[in-house]
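This document starts with one chain, in the form predicted on its own, laid out as structure tokens.
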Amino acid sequence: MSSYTRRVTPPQPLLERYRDLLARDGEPFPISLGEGATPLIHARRLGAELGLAHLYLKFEGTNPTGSFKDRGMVLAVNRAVGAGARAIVCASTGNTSASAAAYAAAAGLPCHVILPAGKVARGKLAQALAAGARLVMVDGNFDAALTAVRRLGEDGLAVVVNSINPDRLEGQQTGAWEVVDALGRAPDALALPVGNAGNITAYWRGFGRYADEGRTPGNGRPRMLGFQADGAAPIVRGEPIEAPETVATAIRIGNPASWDGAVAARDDSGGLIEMVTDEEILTVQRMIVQLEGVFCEPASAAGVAGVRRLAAERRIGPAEVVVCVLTGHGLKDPDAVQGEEGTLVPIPADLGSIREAMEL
């Protein structure tokens, strides 16, 4: 009998890779699920369709729980453990709950999720349930759930891991750092969806931090292009929306916690925050997967939908380097996909019938 032992060297965890920018003195980061290092895809076919030669997709759907939330959650949960937390809690329309539940499970902590009734995509809720999260559904929207979570945090009952936790935004800066590392420069523009507005805030801080540290060639920073759904566009409209509605469930938020940070990112970068329709979002979601093979959730497509419009209006130049952040995987919200499976009728299983149906 022979024996064989192979030594596997895992890739460096995200927090270790950027330890000098993130860690406090001697701070340990024992928890990691392999987050970060998501692909930056040169979208040649989609770019040609939009008239952009240098269009890139930062696909955050390859994170462990399928969304960008893992970048900030890994830091928030590591620090919660280091501080002796007994439990963590979050309000969520889906992605945050999935991420919080997974990292809490890895840390051995109870995870409590306060969610708005009827406002969560099934794919995301299934993740939280599978990881053992304890769910409480409230009769209200996301903003009502977040208000309750804030109170729980103030009372010291659990550590809040929504983006009102500064560790969340600190960890999410790593997305910007990876973009610069992959491109060898800052892009001319970076587009992303805006819901609770933490991600646009974090990316802008991240680009600034990298430039200040001398890690960005040319010291460049992009214009930040944020896009809300027109039924959930409080920043664009200039006032909170009591009952936001959009097919893009991840950005169905009427009063963003990081509103001020988003406005600062827009203004300081010379960028913009505009809105796109649900029809534009779903059309572009199909374009992304049919032209590039990348399946993102509807909210992710909001940024690309906005870029499509800006390119058509010549507000983005054809030679500019543009990065669109696809914040979550399409399997997060499969009910939003409209296909032909409901119209299919069985045919005989012989080759002739199949060829005829295939029009070959």
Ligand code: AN7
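Numbering starts at 1 and runs along the sequence shown. Remember, it's a predicted structure, so these values are computed and weren't measured experimentally.
Just so it is clear, the following notes concern the form predicted together with the named molecule, a form of the same protein that is not shown.
Visitor: Which pick from 288, 189, 251, 102 sits with a heavy atom within 4.5 Å of the named molecule in the model of the complex?
Guide: None of the others qualify; the residue that does is 251.
Visitor: Give me the residue from 197, 80, 179, 284 that has a heavy atom within 4.5 Å of the named molecule in the model of the complex.
Guide: Partner contact (heavy atom, 4.5 Å) among the options: 197.
Visitor: Would you please decide whether residue 94 lies within 4.5 angstroms of the named molecule in the model of the complex, comparing each non-hydrogen atom pair?
Guide: Taking the distances in the model of the complex, the answer for residue 94 is yes, it comes within 4.5 Å of the named molecule.
Visitor: Just checking whether residue 306 would be counted as a contact of the named molecule in the model of the complex - the rule being heavy atoms within 4.5 angstroms.
Guide: Residue-level check for residue 306: no, no contact with the named molecule.
Visitor: Taking the shortest heavy atom distance, is residue 324 within 4.5 Å of the named molecule in the model of the complex?
Guide: It does not: once the named molecule is placed as it appears in the model of the complex, residue 324 has no heavy atom within 4.5 Å of it.
Visitor: Does at least one non-hydrogen atom of residue 72 fall within 4.5 angstroms of the named molecule in the model of the complex?
Guide: Contact check for residue 72: no, nothing within 4.5 Å of the named molecule in the model of the complex.
Visitor: Thinking of the named molecule in the model of the complex, which stretch from 273-281, 130-138, 102-110, 251-259 has heavy atoms inside 4.5 Å of it?
Guide: It is the stretch 251-259.
Visitor: Could you run down 132-146 and flag each residue that has a heavy atom within 4.5 Å of the named molecule in the model of the complex?
Guide: The stretch touches the partner through 142 alone.
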